[in-house]
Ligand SMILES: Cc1cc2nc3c(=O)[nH]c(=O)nc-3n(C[C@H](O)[C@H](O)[C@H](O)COP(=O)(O)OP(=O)(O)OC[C@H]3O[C@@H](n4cnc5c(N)ncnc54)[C@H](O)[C@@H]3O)c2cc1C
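Listed next as structure tokens is one chain, alone, in the form predicted alone.
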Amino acid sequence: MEFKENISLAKYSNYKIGGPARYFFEAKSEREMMWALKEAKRRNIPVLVIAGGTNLLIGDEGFEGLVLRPMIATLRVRGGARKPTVEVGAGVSVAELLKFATKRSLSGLEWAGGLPGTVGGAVRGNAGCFGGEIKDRIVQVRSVDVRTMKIVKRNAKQCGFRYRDSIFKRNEKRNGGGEVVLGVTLRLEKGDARAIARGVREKIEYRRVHQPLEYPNIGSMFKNVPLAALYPKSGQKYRMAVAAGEISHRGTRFSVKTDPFPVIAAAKLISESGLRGVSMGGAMISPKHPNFIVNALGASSWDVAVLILLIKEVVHRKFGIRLEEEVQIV
């Protein structure tokens, strides 16, 4: 086994943006993953883990260390018909998992239809949409602690899942690189294969119609804003907003939706700030879905970064709300 050198990361990014990795390695097994991490530690070089290349903006200068891509492809059913579980490797794409589950009449993930990226990335960011979140299906997550090189097993509660967040994402800020997800066990239920397939197709079609999938993108740029950021949860205004399903804030009406708790859409905030279609270099705030910044014409990471800053500044100035990035910026 050996690292590749000076590999362009643009082809591993859904954005088609990113400079070179000094070292690059795809780990197809846990043994290869452990070897790569130990070798990086021996060489005293930083490690960046990339999964499906979604929710990730890679700088034009690249990464002066090891870019590690988990490709562990485990995918098997465990347990009986009444309580089936699925063991999934971190490198399995969400699309592969959904096809596997549908074929075996396993329900519980229909909300993820059309969700890009891998299962490992979905766990790290507690991926969710249409009222569902990956945390609700977690039985156990296996990871490796980069500092100690020990395998760690956690149940759903121990993973510290929050809105688009987890202990794995937060631990990346620790010295030593945090943890790398190796695999996950999911709890599903027996269902009707045709109904499951229909549910997945509906979500895929919704994304096709409402999201700018015709351009390279990395998904929603910002998290939706919790209603609690505007009104105290215990207050009357909060309860009235949830009951009415809408609020008026600084002269603009916003729908209040559950995602999975009451939020207002970041896309609406961006749209009402007059930013649809605004561009910088080759990057553009999508007119179709303004919470997407698309690579319309050979954008650089700098182009995207400028639009991120512009959105945050204009939305805050108009609505007094500070948007928080959902994507990782490297």
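As the structure is a computational prediction, the values presented were derived from the model and not from experiment. For every residue, the number given is its place in the sequence shown, counted from 1.
The form predicted together with this ligand is left out here; the points below concern that form.
Taking the partner from elsewhere, every residue among 55, 115 and 122 has a non-hydrogen atom within 4.5 angstroms of this ligand in the predicted bound form. In the predicted bound form, this ligand sits within 4.5 Å of a heavy atom of residue 129. In the predicted bound form, this ligand stays beyond 4.5 Å of every heavy atom belonging to residue 257. This ligand is not drawn, but in the predicted bound form it has no heavy atom within 4.5 Å of residue 73. At least one heavy atom of residue 180 is located within 4.5 Å of this ligand in the predicted bound form. Shown without its partner, this chain lists 270, 264, 285, 51 as candidates; in the predicted bound form, only 51 has a non-hydrogen atom within 4.5 angstroms of this ligand. Stretch 55 to 63 is the contacting one of 37 to 45, 275 to 283, 55 to 63, 295 to 303, since its residues have non-hydrogen atoms within 4.5 Å of this ligand in the predicted bound form.
Applying a 4.5 Å heavy atom cutoff to this ligand in the predicted bound form picks out 217, 218, 219 from 215 to 250, in order along the sequence.
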